[in-house]
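In the form predicted alone, a lone chain appears below as structure tokens.
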């Protein structure tokens, strides 16, 4: 079979870029045998052309001059793996203007400037493919855009940050505190030297913005997403939650109501131990999606790392080379931001159950005091947990769970509880998320 050769230009030879180069150089013949497309790495651009890399490039293709890529008319696909939202944005725009289709893993850039970049691509009759921007090697973007296209997607629950999932898994199974689990994640390469964007929920929010936009057909802004990270999670709460039948995960949640209103949030969540997402451990990711026709489908796999992410990048390159991406991208129609804003639900209106831990003085009448405050804010207690024994300063932990109630009411109650003399530390509040399970 005659093969069509497609030349690739790669910008960014870091961890993922090296993985992409490795796959193209080592698997080109295998890919050609399956697809009839021979991928050729024609140009690699990086500011560092001296450091050793885990891949050996052909002589003459590594350069620090991006114009070599932009001016080469034979290069039809440009891959941006620089990261960030400034230089990377300019690189993508220049690639599109130079007539290149673009592949990217840059979730932050797409979350903040996706609409602008998509418009630029269409103006230049090009496409942008971004499978690797969300959940690493899991083909979640193509699943939503094509595999589930017949469905009205009503909800999405995702564990989409491997760093946070690794930390919470270790805190759960190995009784590590947050600092120890984070340190181990960094030593194993699951967490960056500066893990802020992971542990504060920002990385998950970027991915949720992309996934929710294609799932619901809305232009989503980061400001639409309520975000809370895991940096303040204590192992005591994981233990107490476990005794009550829950596992703690950082969830990215998107829900669509019958009136087309959507809620978008990232936060630590207690979920039932027997829920399928509760079984996702370590650095793995999973996304559970509910559609009106298909019911529940769950996608699971490695959400980060050199080769899983590189796998998704090369899959996008192949999809463009075959000709599929151009058609899919041309039909990416998102309701404009001005029309979407009224459909974004305010976080205070979101209804959930809650886990609340109070460190209270061991004295009579304390339970009655905080129960009265909860009742005043129309919050109903569904369960309670109290151990014998004392903590610091003659305090005891009291854990309560609530029936479903609005976030705004819980926020008000927490402020009132914090003022009680009988409560010695700031109350801890974690949401309980009841994820439905699709079963026969």
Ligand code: HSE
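If you're wondering where the values come from, they're calculated on a predicted model, not measured in any experiment. Positions refer to the first chain, counted from 1. We call the rigid core the largest set of C-alpha positions that still match within 1.5 Å between the two forms.
There is another form of the same protein, the form predicted together with this ligand; it is not shown, and what comes next is about it.
Student: Residues 237, 241 and 431 are flagged as a possible site; in the model of the complex, is every one of them within 4.5 Å of this ligand by some non-hydrogen atom?
Tutor: Contact check failed for every one of 237, 241 and 431.
Student: Does at least one non-hydrogen atom of residue 303 fall within 4.5 angstroms of this ligand in the model of the complex?
Tutor: Yes, residue 303 sits close enough to this ligand in the model of the complex that at least one of its heavy atoms falls within 4.5 Å.
Student: Are any of the heavy atoms in residue 161 no more than 4.5 Å from a heavy atom of this ligand in the model of the complex?
Tutor: Looking in the model of the complex, residue contacts with this ligand include residue 161, since a heavy atom lies within 4.5 Å.
Student: Would you classify residue 223 as touching this ligand in the model of the complex, given a 4.5 Å non-hydrogen atom cut-off?
Tutor: So residue 223 does not count as contacting this ligand.
Student: Taking this ligand as it sits in the model of the complex, is residue 191 near enough to touch it, meaning that at least one heavy atom pair lies within 4.5 angstroms?
Tutor: Contact check for residue 191: yes, within 4.5 Å of this ligand in the model of the complex.
Student: Within 4.5 Å, heavy atoms only, which of 256, 100, 249, 207 is in contact with this ligand in the model of the complex?
Tutor: Of 256, 100, 249, 207, the residue with a heavy atom within 4.5 Å of this ligand in the model of the complex is 207.
Student: Counting any heavy atom within 4.5 Å as contact, can you tell me which stretch out of 84 to 92, 109 to 117, 363 to 371, 192 to 200 lines this ligand in the model of the complex?
Tutor: Partner-contacting stretch among the options: 192 to 200.
Student: Using a superposition on the rigid core, decide whether the Cα position of residue 182 changes by 2 angstroms or more between the shown form and the other one.
Tutor: Yes.
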